[in-house]
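Presented as structure tokens, the chain that follows is alone, the form predicted alone.
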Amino acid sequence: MDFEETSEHQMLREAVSSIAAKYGHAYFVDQARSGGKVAELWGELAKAGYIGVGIPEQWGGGGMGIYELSIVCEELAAQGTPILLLVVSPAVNATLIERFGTDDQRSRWLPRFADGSMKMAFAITEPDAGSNSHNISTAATKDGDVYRLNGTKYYISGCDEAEAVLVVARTGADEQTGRGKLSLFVVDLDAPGVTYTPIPVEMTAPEKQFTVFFDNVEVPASRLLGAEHEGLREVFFGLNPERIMTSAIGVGIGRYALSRASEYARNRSVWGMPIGSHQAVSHPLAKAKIELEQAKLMLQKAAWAYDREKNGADGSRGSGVDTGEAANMAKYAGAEAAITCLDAAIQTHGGNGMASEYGLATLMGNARLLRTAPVSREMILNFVAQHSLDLPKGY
């Protein structure tokens, strides 16, 4: 057991942090409020190879893993520039394509994920399904050499900057339970019959949220990812990386907030001494720091466990560490730490905590979202109760 990161990891952190610092939170906010995108930051990261750091070398990537991609996510957020599409595109979608794609699909998309030229959205959530994926109603019906896709997805990130979306759709139903049999499809966002409209949300982020409509969209059978009807089982291999990356964003936001708060508490003097010398100010920040370090340990364990399972010599999924448990716990801890750190930082600044120039309140929507998406805190508690504590299922 070694808690010290390798020199390679340290260099990766320093390099990503250096790039992100050139842009900073003010750039992030300006792009979000103007309707712009963080294209310059994304482009510089891509050119340096950091977008594709976790993609195998044979497909043009860095040949590393989810641990290294989590470093990229964390360091970006720690500079006040959390990028949601970094979670969805190279973490979720590239992972699924690498694992379940054909050679043609891998060669078509993975090199473009690796060089950052490909952004792909992910669509599973529906208005009437929520956390119950068995109730997905968006349907893909086989019609010769194509599927006909019909339905609605919502809260889909980044449709206005992605060129395709990985859609989870119903392709059948279990005869005994009636539960949907699901499949995965890569669908071009400019395909005839695909439309999307923005969902106004109170969050400062360049990536917008959309409702996506599929009206008799013709999807070639070659765009089916993995086996027909096996989409629910397959998609879970992408959800653990999603939870790990979300945790990394939470940890990064927490680091950003505490850095700002500590600097302010050291330099802001009232009653003839820095406010950081008062326990009413220092203790909430110290408590937040402890929670943040606990979350980071869980993040690192989850990323390590995922990469250890994935790279097992025999190809098995049995490393002795439950990646699902670790990934869910990391996501829970990262979200809670982000909120705790940001709230303490805002309180430390007093009225200035709500001032735009201090760059804190603009991240509250981002931090609060982490508690709800991509999986809610309550569903994580359900998972832990059932799988870690062997308690009966109540739904």
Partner chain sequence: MTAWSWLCRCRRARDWRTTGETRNDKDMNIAVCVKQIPDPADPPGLDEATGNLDRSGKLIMDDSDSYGVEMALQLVEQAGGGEVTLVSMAPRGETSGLRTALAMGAAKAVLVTDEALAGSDALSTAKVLARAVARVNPDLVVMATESTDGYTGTTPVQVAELMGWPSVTFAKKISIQEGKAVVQRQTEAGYDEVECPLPAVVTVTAGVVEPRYPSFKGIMAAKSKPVDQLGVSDLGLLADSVGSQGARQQVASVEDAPVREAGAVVVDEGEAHQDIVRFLEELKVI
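None of these values were measured; they are calculated from a predicted model. Residue numbers count along the first chain shown, from 1.
Another form, the form predicted in complex with its partner chain, is not on view; read the next lines as being about it.
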I19: touches its partner chain in the model of the complex, heavy atom cutoff 4.5 angstroms | yes
query: Do G60 and its partner chain share at least one heavy atom pair within 4.5 Å in the model of the complex?
result: yes
| message | I'd like to know whether G49 contacts its partner chain in the model of the complex, with contact meaning heavy atoms within 4.5 angstroms. | response | yes
Heavy atoms within 4.5 Å of its partner chain in the model of the complex: does V53 have any? yes
TL;DR on 62-70, 344-352, 324-332, 34-42: the one with heavy atoms within 4.5 Å of its partner chain in the model of the complex is 62-70
